[in-house]
Every structure is written in structure tokens, then in C-alpha cells.
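One chain follows as C-alpha cells, the form predicted on its own.
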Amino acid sequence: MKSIDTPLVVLDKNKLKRNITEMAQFSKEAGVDLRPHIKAHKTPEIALLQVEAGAKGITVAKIGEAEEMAKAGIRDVFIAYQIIGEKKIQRVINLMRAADLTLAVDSEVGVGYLKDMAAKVERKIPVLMEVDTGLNRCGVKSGHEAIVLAKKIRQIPGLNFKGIFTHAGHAYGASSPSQVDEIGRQEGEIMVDLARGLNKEGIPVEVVSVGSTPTAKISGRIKGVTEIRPGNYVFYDAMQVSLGVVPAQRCALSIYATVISKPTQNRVIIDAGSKTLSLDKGAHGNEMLKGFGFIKGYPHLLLSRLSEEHGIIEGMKSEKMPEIGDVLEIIPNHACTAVNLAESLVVFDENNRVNNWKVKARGKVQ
């Protein structure tokens, strides 16, 4: 272990495949489509494993992610992000040659951009309307808003209103596993009630799509939900563990870091800082998450601070501390942001063979 060069972002392929298979099995048993969000990994090899396991298609946040996945041969792509701006519109038009896209909208201005796009292509563009179910980010906020906007979409010949989608990201700010469950239940019920309301107005709703790894297995069981879009589940991370979603043993992604300094008996420094682990402690707040990652084999220690290239680990004087030269394995708070900072993943398979998977759609790619 001491011979490896760190920091490294390491992926356990065995655990990865187990996580992918389990979510695919859940979607099949629940009778919902699985459309995983690949912003979690941005890696074609992982996306292809998800499709092979039964995913209907994929979800992306950025056009660059969609472009990279289309190059890998994945055609069914939902861009769960409002496409605003002429340059982005043109990129989406170009991408339609390689992929079957579904686009997102939550405003009349956004509908106007999609209308202009539809006028330039020779196909109907499938559209999902975003709904705010409590995150207070994007999305229409009431049944009335949804009905008005859906009718406007349906008035445009080049657009095909397919249904509604949401992301219950506020589950990441939950203070207990039971609150996660409640948020997931509300997510599914709000969406199903809205779909019923739209149907009563003569607006058919084919897709009722919910998101978020913590809530997918809760909202995905609500009768009337047709699709789930979890992303982080391929890896899981310290946030998911703190929320009670999985035990730490299920986490497939780790950061390997070397102890480079031991200034005191209760403080050591590692060669992985914010440029490796990220400073993410939960974008929506997470009171249950302490520090910047779980240190395997040292549950009593706290990764308390990060500077760009240094991580500071602290413990009590009476506790066992690692020594200079020791390589530590750390489960990051948020696997998705850690992967986005990496150029590649070091992959260990079931036979302990090593591979290298490039992270193809990193942060700077739009």
C-alpha cells in the first residue's frame, strides 16, 4: 500500500456493480423506469453498465455530459436542466443527430427557447416540465402554474408535452432517516396529485419522474410515479451513510491519501485537500455530517479541515493516530464532486486487477 502514489480516486468495481444491480432490481420490482443521473460519475463505462443492467436511458445536467454519453453510444438522454441561450440551443440541435433527447422547462421564457429550437429541426421535441416539491430551486410551484405552462407547451406544434419531473434534493438536509422517508413520500404524492390534476384538465401525463438517491426507493413506490432518477447510488458516500441510506460498507468510491506530516501527537496532515475531496458538506445542509469524509479504520478521528492540497485530521491524545507514510482510505462526503475534480478513476475489479476510467465530462464542460 505504501508504494502507491497519492492522492488517488479509487473505485471498487464489485461494489459499483452491486449498487447498480440493486437499484435496477428495485425499479423492476416497483414497476418504474430507471433513468439514472450520470452527473454523479460523468464516466461512459459506468453509464453503459447502468444501461446493461436495465436503465431505460440516462439523465444529465449539462450538454457536455450528453455529448460524451452520446459518443459512447447511449441514445436515450434526458437533459434535466433548463436550456437557455442561443449557443446552447445550437449545441442541442447538433446533438439531436446522435441522441434522442428529452428537454426540461419551467417557464414561459424557456418554452420560447424550445419553440425556436423546434422550428429549426424536423422532429417533435419531447418535453418534461419541472416541478418544485420542496427544494425551492427550479420548477413550477403550484398546480395552477403547472396547468398554465403545460397548456402553452401543448400549443406549440414542435413540442411534445410528455409529463413532469422533480428533484427532492432537500432530503439531503434531513435531520433523521425518518425525515428522509417523509420527504420521499411527499415527493411522490405531490407529483401524482399534480398528474391527476393535469389529466382532469385534458392534459395527458405519460411521465411522472422523481429524483434523488435518498428518496428514490420511497417516492418510487408511490402508485402513479413512472420513473426514478437517482445518481449517487452508483457510489454512495458519507452523506448517504449519515442519512441512513446505506452502511459505509456499501460505498464504492474512496480517496487514497498519504500522511505527510505529524506536527503533534493528535494531529496529522494528508496529501489530499479541497482539490481532491472538495469542501462539500451538503449543498442543502446536513447536520448529521461531521468533517470532510470518513476515515476507514479510524472511526474516532475527524477530517476537520481542508486547504487546497492538505487535509487536517485530528483526534484525542489517547487515541491511535496514523504515522507519516501511512496510506489512508477516505470515503468522501460527496462522491459526485470528488469525481468531478478527478481526471480519472482507478478501478479495482473482483480479481484485484487495476483499470483506469477517464472522467469524460468534468466541470468545465458545459
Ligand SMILES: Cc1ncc(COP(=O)(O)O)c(C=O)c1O
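Every value quoted in this text rests on a predicted model; they were computed, and no experiment measured them. Residues carry their position along the shown sequence, with the first being 1.
One more form of this protein should be noted, the form predicted in complex with the named molecule, which is absent from this view; the next part is about it.
**Student:** Since only the chain is shown here, I'm wondering whether residue 254 would be in contact with the named molecule in the model of the complex (any heavy atom pair within 4.5 Å).
**Tutor:** Output for residue 254 is no: heavy atoms all beyond 4.5 Å of the named molecule.
**Student:** Could you confirm whether residue 137 comes within 4.5 Å of the named molecule in the model of the complex, counting heavy atoms only?
**Tutor:** Result yes; residue 137 sits at the interface with the named molecule in the model of the complex.
**Student:** Just to confirm, residue 167 within 4.5 Å of the named molecule in the model of the complex by heavy atoms?
**Tutor:** Contact with the named molecule, yes.
**Student:** Using a 4.5 Å heavy atom cut-off, state whether residue 213 contacts the named molecule in the model of the complex.
**Tutor:** Output for residue 213 is yes: heavy atoms within 4.5 Å of the named molecule.
**Student:** Which one, 183, 80, 198, 268, lies within 4.5 Å of the named molecule in the model of the complex by heavy atoms?
**Tutor:** It is 80 that has a heavy atom within 4.5 Å of the partner.
**Student:** Considering non-hydrogen atoms and a 4.5 Å limit, which listed residue (273, 231, 163, 220) is close to the named molecule in the model of the complex?
**Tutor:** Only one listed residue qualifies here, and that residue is 231.
**Student:** Tell me which of 114-122, 175-183, 82-90, 231-239 has residues with heavy atoms within 4.5 angstroms of the named molecule in the model of the complex?
**Tutor:** That would be stretch 231-239.
**Student:** Who in 12-40 is close to the named molecule in the model of the complex, meaning a heavy atom within 4.5 Å?
**Tutor:** Heavy-atom contacts within 4.5 Å come from 37, 39.
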